[in-house]
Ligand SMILES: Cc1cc2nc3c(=O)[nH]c(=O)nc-3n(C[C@H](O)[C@H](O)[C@H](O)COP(=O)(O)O)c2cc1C
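Quick heads-up: it's one chain on its own, the form predicted alone, in structure tokens.
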């Protein structure tokens, strides 16, 4: 798959996710086969006010490419300026967030609120396209609700003003993350544009990824929540696409080693206090799947130091080996 001059092969991507797709997790996903990763959402207004957090979110690892930086906002001028700043940080592409359903984002007219504001949405994309030399993509939902599916019409307009790809999360804002994704919305967008369309939503297995592309005509697949605690999903999908075979699931030891690396890298990147706080939920994801693991996942919510995290991992590994279990 080509996004302008950028080759994405295989066409398998890590979705931008707040609190998840940081430098550490992107490195894991890329190593396991994600050909393109996109950062956590960066608030354009906060970035222009020199928010330290915004700059942390945009930090890239040396040699991390191709990589996109996602920005969010609804003021065309501010979004254009934020895109220039993001591009200067080494982004291979700029992704515009029009999918976030969170109330504090939507109330400002940002994220999925733009799905109900055609004129502003198009002006935002056009301003960003005109401001930077790197490709501009848009990650969006199908619409605000099932009575207002605006993605196909918006996608046409975005292509017209210069967007180079569309990522379509096949849910509405009203769906949040609870209702099943409706892949027919991906097909509807694909039928209206000639630029690449990347499908997202309810891909949990290699078969799901293949079926999404077959049923919708999508040019690529973007994985989000299915990668939580399971970055191996990218490797499994790639292997299945290339060989038609399933890889064995990771062993308990492999899961523990991956979790431990993730903890150490987060501490390196963000310091122990912040890194461990952000790892509490992610560490718990790695430890799911064994009978009795709820005890260890509960302990994850209490960890305060790297040593605490390593202790929980070691305890869980001992338990998992006793159970002689692997990833379920």
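Residue numbers count along the first chain shown, from 1. The structure presented is a predicted model; accordingly, all values stated were derived computationally and were not measured.
Keep in mind that the form predicted in complex with this ligand is missing from the display, and what follows is about it.
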{"query": "Answer range among 152-160, 245-253, 225-233, 75-83 for contact with this ligand, defined in the predicted bound form as heavy atoms within 4.5 Å", "finding": "225-233"}
{"query": "Any non-hydrogen atom of residue 17 within 4.5 angstroms of this ligand in the predicted bound form", "finding": "yes"}
{"query": "Residue 41 within 4.5 Å of this ligand in the predicted bound form, heavy atoms", "finding": "yes"}
{"query": "Contact flag, residue 139 vs this ligand in the predicted bound form, heavy atom cut 4.5 Å", "finding": "yes"}
{"query": "Residue 177: touches this ligand in the predicted bound form, heavy atom cutoff 4.5 angstroms", "finding": "yes"}
{"query": "Full three-residue contact with this ligand in the predicted bound form, heavy atom 4.5 Å, for 22, 270 and 308", "finding": "no"}
{"query": "Listed residue (219, 202, 126, 117) with a non-hydrogen atom within 4.5 angstroms of this ligand in the predicted bound form", "finding": "202"}
{"query": "Residues from 160-180 in contact with this ligand (non-hydrogen atom within 4.5 Å) in the predicted bound form", "finding": "169, 171, 177"}
